[in-house]
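There is one chain below, alone, in C-alpha cells, taken in the form predicted on its own.
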C-alpha cells in the first residue's frame, strides 16, 4: 500500500527518529516539540522531555502553544523553577540533546532568532534567543529542524543568537565549549550532518522524491553531498498516524480555547 505524506510530515518524523529512549531532551516549541512527542509516542516511550518553563518528564496530550502552556505543567513529572532548570539541569550537564528551530541558519549550525538585517535598524525583529543560547552551549549535542528557504539557510547569519560551530573547525573547543554542538540538521528536504573536521553541514540523505538541485535551489551556500548519499526511509503507518492524531488533538483543543 502506497503511503502519502507531506514534506513537513517527513521532516518531523525523520527528526523524531534521531531521538532515543534514554535521551533527556530540552525541547523547543514548534517543529522540535512535534518531533520529540512523536518519538515519545512511538519508539522512545521513556524519553525525558524538558521544556524551558521548568517542566521535567512532560508528556503532553496536545502540542503546547508556548513554554507557558498549562498542558506542560499538568503532564510533567515535576516542575522546577527556571533558575534551577538552567543552573542545575542544563548547565550541570544533565541534558543529552537540545532540539532547536531557527529563523536563519548558516552552514556551521549558527542560529539567528534575534533580527533580520542590521541589529540597530532591523527589517524584522524576531522573538529572540530565550534559553536557546544556553541550550546550544550546554546540551550534550544539538539537533536542528527547519524548512529550507533561501532566506532561512544563509551564507552568514545576521545575528549570532545561538552559537553552533562558529567558523568551523575547532572554533567551539577554542572558546572552551566542551559539548558537541550541532550534530544533526533535519529539513523538509534532507538529513544533514556536520563534517567531522570542518564542521560544515553535509547532506547525508535526501527525502523521497527530492533532488540535489532542489536542495541547492533552497539553500544560500554551495551544498556538499556525501559520497554515499542515501534516501531517507519513508514514514511508517504508525509514525504518520501518531503525528496526525497528535496534530488533530491539538487543533481541536485550541479551537475550543478560541471559541
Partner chain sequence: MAKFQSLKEAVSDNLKDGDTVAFEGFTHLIPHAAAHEAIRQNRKGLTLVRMTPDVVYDQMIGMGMVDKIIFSYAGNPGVGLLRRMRDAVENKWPKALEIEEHSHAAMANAYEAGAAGLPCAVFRGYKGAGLKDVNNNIREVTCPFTGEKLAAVPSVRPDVTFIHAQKANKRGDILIEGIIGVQKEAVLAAKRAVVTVEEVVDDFDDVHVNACILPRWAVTSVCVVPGGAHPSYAHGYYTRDNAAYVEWDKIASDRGLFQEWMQKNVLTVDETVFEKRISALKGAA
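Residue numbers count along the first chain shown, from 1. The structure displayed is predicted, hence computed values, not measured ones.
Just so it is clear, the following notes concern the form predicted together with the partner chain, a form of the same protein that is not shown.
- Message: I'd like to know whether residue 80 contacts the partner chain in the predicted bound form, with contact meaning heavy atoms within 4.5 angstroms.
- Response: The answer is yes: residue 80 has a heavy atom within 4.5 Å of the partner chain.
- Query: Might residue 46 be said to contact the partner chain in the predicted bound form, defining contact as any heavy atom within 4.5 Å?
  - Reply: Yes - in the predicted bound form, heavy atoms of residue 46 and the partner chain come within 4.5 Å of each other.
- Item | Non-hydrogen atom contact residue 240 with the partner chain in the predicted bound form at 4.5 angstroms | No.
- Message: Can you tell me if residue 50 lies within 4.5 angstroms of the partner chain in the predicted bound form, counting non-hydrogen atoms only?
- Response: Output for residue 50 is yes: heavy atoms within 4.5 Å of the partner chain.
- Candidate spot 42, 168 and 224, all three in 4.5 Å heavy atom range of the partner chain in the predicted bound form? So, no: the whole triplet misses the partner chain.
- Query: With the partner chain left out of view, which of 133, 152, 101, 140 would have a heavy atom within 4.5 Å of it in the predicted bound form?
  - Reply: Exactly one listed residue reaches within 4.5 Å, namely 133.
- With the partner chain left out of view, choose which of 202, 206, 67, 31 has a non-hydrogen atom within 4.5 angstroms of it in the predicted bound form. Checked against the cut-off, the match is 67.
- Message: For the stretch 103-134, I need every residue with any heavy atom inside 4.5 Å of the partner chain in the predicted bound form, listed N to C.
- Response: Heavy-atom contacts to the partner chain in the predicted bound form: 114, 119, 122, 123, 124, 125, 126, 127, 128, 129, 130, 131, 133, 134.
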